[in-house]
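Just one chain is shown here, as structure tokens, and it is the form predicted on its own.
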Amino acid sequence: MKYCGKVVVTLKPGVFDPQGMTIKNALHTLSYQEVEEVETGKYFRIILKAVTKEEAERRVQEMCERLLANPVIERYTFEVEEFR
């Protein structure tokens, strides 16, 4: 069966986000003064084959831990659903 893993990786609280600051400043320049903070991150959509949803979830978690997220400065969330 095919599954789709959707992974979002963001910086941990307290880690400086220069790209987020640049975007925030640009939004202020464009008159969006109400913007107080911008956090940047990464999004991954992974299509994989697995026998069960639990196996797909385990594999996506392994991918996050081994490659997709740097555990020192980043955190991640993911969800897995059947892919049609």
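Numbers for residues come from their place in the sequence shown, where the first is 1. Predicted model only: the values in this text are computed from it and were never measured.
Although it is not shown, the form predicted in complex with a further copy of the same chain is what the next lines describe.
Colleague: Would E74 show up as a contact with a further copy of the same chain in the predicted bound form if we use heavy atoms at 4.5 Å?
Modeller: No, E74 stays farther than 4.5 Å from a further copy of the same chain in the predicted bound form.
Colleague: Taking heavy atoms and a 4.5 Å cut-off, does K53 contact a further copy of the same chain in the predicted bound form?
Modeller: Contact check for K53: no, nothing within 4.5 Å of a further copy of the same chain in the predicted bound form.
Colleague: Is the gap between E57 and a further copy of the same chain in the predicted bound form 4.5 Å or less for some heavy atom pair?
Modeller: No, E57 sits far enough from a further copy of the same chain in the predicted bound form that none of its heavy atoms falls within 4.5 Å.
Colleague: Although the partner isn't part of this model, could you tell me whether M21 comes within 4.5 Å of a further copy of the same chain in the predicted bound form, counting any heavy atom of the residue?
Modeller: Residue-level check for M21: no, no contact with a further copy of the same chain.
Colleague: Heavy atom within 4.5 Å of a further copy of the same chain in the predicted bound form: which residues of 19 to 47 qualify?
Modeller: Contacts from 19 to 47: I23, A26, L27, L30, S31, Y32, E34, V35, E36, E37, V38, E39, T40, G41, K42, Y43, F44, R45, I46, I47.
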